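In the block that follows, a single chain appears as structure tokens, in the form predicted on its own.
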């Protein structure tokens, strides 16, 4: 069961990534169906892939994508010019939740951020995701800020 690989996403993974992003109560309201993949996903993936400070990583099990997240490296003047890692779009397939795969995935990606000279790693999530809050606290994140968003 632990036959798991963490790796950079490839374009062939895009449909599975979009499926994961839409596979919950909140995601299903904002993501588009994977049966006819909207070109905007392809454009976004290509832009992320081309940016050396951006990467989408996936969890693969038996040749199938079972998790994903995006890590963006941000240069910053604050904290004496420290780089930050911003993590977004975190999803683990329902079949693997509670197995420790999410924790292992985060340890792996946090090591990537550390090796990229990040001194801070941050993430945002919807306040309604209370189980997710507990997960992040368990792996060492602290709820230190209140976030705001403006949608266009």
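Numbering follows the first chain given and starts at 1. Bear in mind the structure is a predicted one, so any value in this text is a computation, not a measurement.
What comes next is about the form predicted together with another copy of the chain, which is not displayed.
Within this chain, residue 40 lines the site of another copy of the chain in the model of the complex, having a heavy atom no more than 4.5 Å away. Contact between residue 108 and another copy of the chain in the model of the complex is not found at the 4.5 Å heavy atom cutoff. Contact between residue 137 and another copy of the chain in the model of the complex is found at the 4.5 Å heavy atom cutoff. Put simply, residue 54 is close to another copy of the chain in the model of the complex: some heavy atom of it is within 4.5 Å. Of the residues in 114-152, those that come within 4.5 Å of another copy of the chain in the model of the complex through at least one heavy atom are, in sequence order, 114, 118, 119, 120, 121, 122, 123, 124, 125, 126, 127, 133, 136, 137, 139, 140, 141, 142, 143, 144, 145, 146, 147, 148, 149, 150, 151, 152.
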